[in-house]
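Presented as structure tokens, the chain that follows is alone, the form predicted alone.
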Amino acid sequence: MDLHPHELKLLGTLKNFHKGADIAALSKASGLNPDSVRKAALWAAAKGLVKSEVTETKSYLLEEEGIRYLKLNTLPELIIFNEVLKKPADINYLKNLREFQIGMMWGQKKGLIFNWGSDNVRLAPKKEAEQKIAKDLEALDEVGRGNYNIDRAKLEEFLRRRFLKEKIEKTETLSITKKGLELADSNPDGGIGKLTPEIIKSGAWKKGVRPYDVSLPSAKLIAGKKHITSVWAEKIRKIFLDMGFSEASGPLVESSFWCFDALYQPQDHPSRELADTFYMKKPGGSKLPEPGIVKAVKNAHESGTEGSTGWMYKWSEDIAKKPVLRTHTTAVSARSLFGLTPPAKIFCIGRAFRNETVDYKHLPEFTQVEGIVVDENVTFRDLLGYLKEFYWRLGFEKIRFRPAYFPYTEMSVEPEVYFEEKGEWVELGGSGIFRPEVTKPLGVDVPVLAWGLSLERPIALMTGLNDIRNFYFKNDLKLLRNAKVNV
């Protein structure tokens, strides 16, 4: 049997400890550092040469509350007992005392106070009450001094009342097996464990190099890696680039004009309210684009475009200037349309912000993925084709579409994918063809296919997460370390 030199040293040391020894004792006796002892023990145990036994030792430490009442030489129940003794009818006075709730509860439980809350309040004899509490304090002091030989029920009471805290220490004891003892006595040659230039030049390696058992457990290497959301963002970016799209970006602090007005969203729309949108105090206002575009968007809202009546209200330039944290990356699509020459295919991966209540599927800050196709020859069937291809490349095999409504697209659909692990269809985004009221004021007179989805939601589905807060808020190192990065 091929053994590492550290295994041989461990076996040779262990044979002198007839009842076994812990890691610290073996480290001192063998000259190996504790980590080397643990690793050698792991290897030797896998070969049946060493056995490990873990024992737990419990100890109890005084908590702040326990120390406080030992110093006061009393407990809350005796404090309240004495107060009731002085003023048995003054309930309001007692309620203002720090110890009232806990003292009253334990006072009744220990038989110091009877019939509280009635006209027939009774107390145990004062001497009896003081003797009971004195015994409790004596027991608590004994535990604080390291004597745990007290009534178990009393120990549980002290733990429950947070007078004490329990400390558990685990000790690993290693002992040599009969098989290990035989190998230790025969002291086999472990062979050359580390090749050096001298060993190679001299040819000494030909006498035998110690083989390595790659099946044995080893320490896990915690290597640096990209965050899981960054990895998936790169995958999505590559999908779009492979499909012939160009990437666009835009500011995080956006004007209401590009975030809402250019997308034909009326200025009294509920999503503009503070309940959904983060409005900025600074800067005080945003710069609008050239007057011709502003006028065209204004007219679309007030009276519509060809074949449309608009929203039929008085559009306000002051509202359009209000700066916001962008609520979607569709604002980038709107900016991209202005001055664009068809045909074109554009995508954006960026942060968006909404005043959401934080829960397992909502965050106030998230990553949105946006895409548009601008071409005089594209139709609704092309939109479905692009979406199906995108989601297929993302890793979903079953894709379907459900009719939907969005303020700035017509026709509109929500793509759904079938999630095998859950056995259900899950909606992953919104899509449609931009309405003429969006495209014509921005100078585009051909169909524009558009879609958007949250980045975090499909990642959660693909990785089996039930709570998207794990990506950012909970600092789940296990999730990040175990996440596959070769998606």
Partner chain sequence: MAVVTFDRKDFESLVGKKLKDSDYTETVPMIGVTTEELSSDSVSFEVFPNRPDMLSVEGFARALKAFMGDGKGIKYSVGKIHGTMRVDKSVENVRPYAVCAVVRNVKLTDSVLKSLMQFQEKVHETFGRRRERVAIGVHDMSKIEFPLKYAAYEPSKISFVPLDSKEKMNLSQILQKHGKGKEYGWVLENYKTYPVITDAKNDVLSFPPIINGELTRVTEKSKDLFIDVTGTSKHYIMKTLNMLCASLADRGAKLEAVKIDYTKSSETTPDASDQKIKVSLDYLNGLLDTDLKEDEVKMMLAKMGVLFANNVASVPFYRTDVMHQIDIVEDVAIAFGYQNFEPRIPKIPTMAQRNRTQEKSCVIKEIMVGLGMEETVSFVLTNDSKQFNMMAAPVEECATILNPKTEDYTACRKSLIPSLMNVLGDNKHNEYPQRIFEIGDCVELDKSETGASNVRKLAVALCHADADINEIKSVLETFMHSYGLGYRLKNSAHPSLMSGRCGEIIVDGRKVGIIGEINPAVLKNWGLDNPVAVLEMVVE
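Positions refer to the first chain, counted from 1. Rigid core (definition): largest C-alpha set, two forms, superposition within 1.5 Å. Quick caveat, the model's predicted, so the values are computed rather than measured.
This next part talks about the form predicted together with its partner chain, which is not shown.
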| property | result |
| --- | --- |
| The unique member of Pro217, Gly395, Gly339, Pro364 whose heavy atoms fall within 4.5 Å of its partner chain in the model of the complex | Pro364 |
| Asp136, Glu370, Glu254, Glu77 - the one with a heavy atom within 4.5 Å of its partner chain in the model of the complex | Glu254 |
| Heavy atom of Gly144 within 4.5 Å of its partner chain in the model of the complex | no |
| is_contact(His328, its partner chain) in the model of the complex, heavy atom dist at most 4.5 Å | no |
| Its partner chain contact at Tyr391 in the model of the complex, heavy atom, 4.5 Å | no |
| Partner contact for Gly385 in the model of the complex: its partner chain, 4.5 angstroms, heavy atom | yes |
| Answer range among 281-289, 144-152, 173-181, 102-110 for contact with its partner chain, defined in the model of the complex as heavy atoms within 4.5 Å | 281-289 |
| Sequence-ordered residues of 349-387 touching its partner chain in the model of the complex, heavy atom within 4.5 Å | Arg351, Phe353, Asn355, Glu356, Thr357, Val358, Leu363, Pro364, Glu365, Val373, Asp375, Val378, Thr379, Phe380, Arg381, Asp382, Leu384, Gly385, Tyr386 |
| Core-superposed C-alpha of Asp35 shifting 2 Å or more between this form and the one not shown | yes |
